[in-house]
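Given next, in structure tokens, is a single chain: the form predicted alone.
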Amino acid sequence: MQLFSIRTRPLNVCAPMVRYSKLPFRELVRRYNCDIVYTPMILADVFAASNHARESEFSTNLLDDPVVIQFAASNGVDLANAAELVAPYVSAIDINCGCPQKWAIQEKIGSHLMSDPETVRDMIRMTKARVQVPCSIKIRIHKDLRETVEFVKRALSVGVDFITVHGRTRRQKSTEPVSLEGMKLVKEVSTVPVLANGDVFSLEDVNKIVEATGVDGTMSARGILENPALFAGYNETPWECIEDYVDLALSYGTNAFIFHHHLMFMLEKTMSNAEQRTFNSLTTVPSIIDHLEEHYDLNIMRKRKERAEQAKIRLV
């Protein structure tokens, strides 16, 4: 919350992304001008009930700050139980009210909650009674924006600390443009900070959205997945950012599927179709490393040495 109060520019935020916004990626984007980073969406009931789920779904360290953990829940009890367990290790608790996937709607979580504002209000109230960290919501807009206004007002009435608004309805495809009008309206009626989500692929997009809506910051998902350095002003992923990710993923330990897919997103625009077919067929971490060493001169030991030397210079 201090970031919102002392900011001199709109805040840059990395969105919660299922599977992808794990600890190595969160540390990566922090190196490229990202102010706040979210965990992947986590099921609150499973997190609260299972030690295995807690160990596999959430890891953090002293560098992972500020971090917002996002939970999907269908009721306040599950959410508050999960929030109480994790509150000492995070900067805020976020409620997912925006996931549009069919399975989420069937489970009465995610964007299903946009039609159940009373449940969301109960979630916020119960969670804030149990933890001392801020509680936020990530919402979508309604087709009738008057419903969105009422939804936001209910959340404000029980002390929600900040709001992220995705500028599409739950039925709109990601290829459809976001509603700047809807995001602006949320900012106008809100008495707490508001972040805008959707169609953030460059700093030009950031400036356009902020100018049109007046929000306190912007959040990127697909854009930052393709280019983790976008908030630092890069129009495509710089090679040093890819090296940084490989180093972090290897250091922390990342399974081959996630490791491969992150690199596919980052390299997609620079690879030829033939190379994409070859790269997409790789299934193990060693084979991916071999490809990057052969075709891109990847040298992790050199990268680590350079980083150590830079750290020494900063200390002097």
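In case it trips you up, residue 1 is the first one in the sequence shown, and so on. Quantities reported herein were computed from a predicted structural model and do not represent experimental measurements.
This next part talks about the form predicted together with a small molecule, which is not shown.
*Asks:* Tell me, out of R154, K108, R222, K143, which residue has a non-hydrogen atom within 4.5 angstroms of the small molecule in the model of the complex.
*Replies:* Checked against the cut-off, the match is R222.
*Asks:* When you measure heavy atoms, are M1, S136 and S190 every one within 4.5 angstroms of the small molecule in the model of the complex?
*Replies:* Result no, not one residue of the spot touches the small molecule.
*Asks:* Determine whether any heavy atom of G198 comes within 4.5 Å of a heavy atom of the small molecule in the model of the complex, and answer yes or no.
*Replies:* Answer yes; at least one heavy atom of G198 falls within 4.5 Å of the small molecule in the model of the complex.
*Asks:* Tell me, yes or no, whether P40 is in contact with the small molecule in the model of the complex, where a contact means a heavy atom of each within 4.5 Å.
*Replies:* P40 belongs to the contact set for the small molecule.
*Asks:* If we define contact as a non-hydrogen atom of the residue within 4.5 angstroms of the partner, is N227 a contact of the small molecule in the model of the complex?
*Replies:* Judged by the heavy-atom cut-off of 4.5 Å, N227 is well away from the small molecule in the model of the complex.
*Asks:* Can you tell me if M17 lies within 4.5 angstroms of the small molecule in the model of the complex, counting non-hydrogen atoms only?
*Replies:* Because a heavy atom of M17 falls inside 4.5 Å of the small molecule in the model of the complex, the answer is yes.
*Asks:* Can you pick the stretch from 242-250, 117-125, 162-170, 81-89 whose heavy atoms fall within 4.5 Å of the small molecule in the model of the complex?
*Replies:* In short, 162-170.
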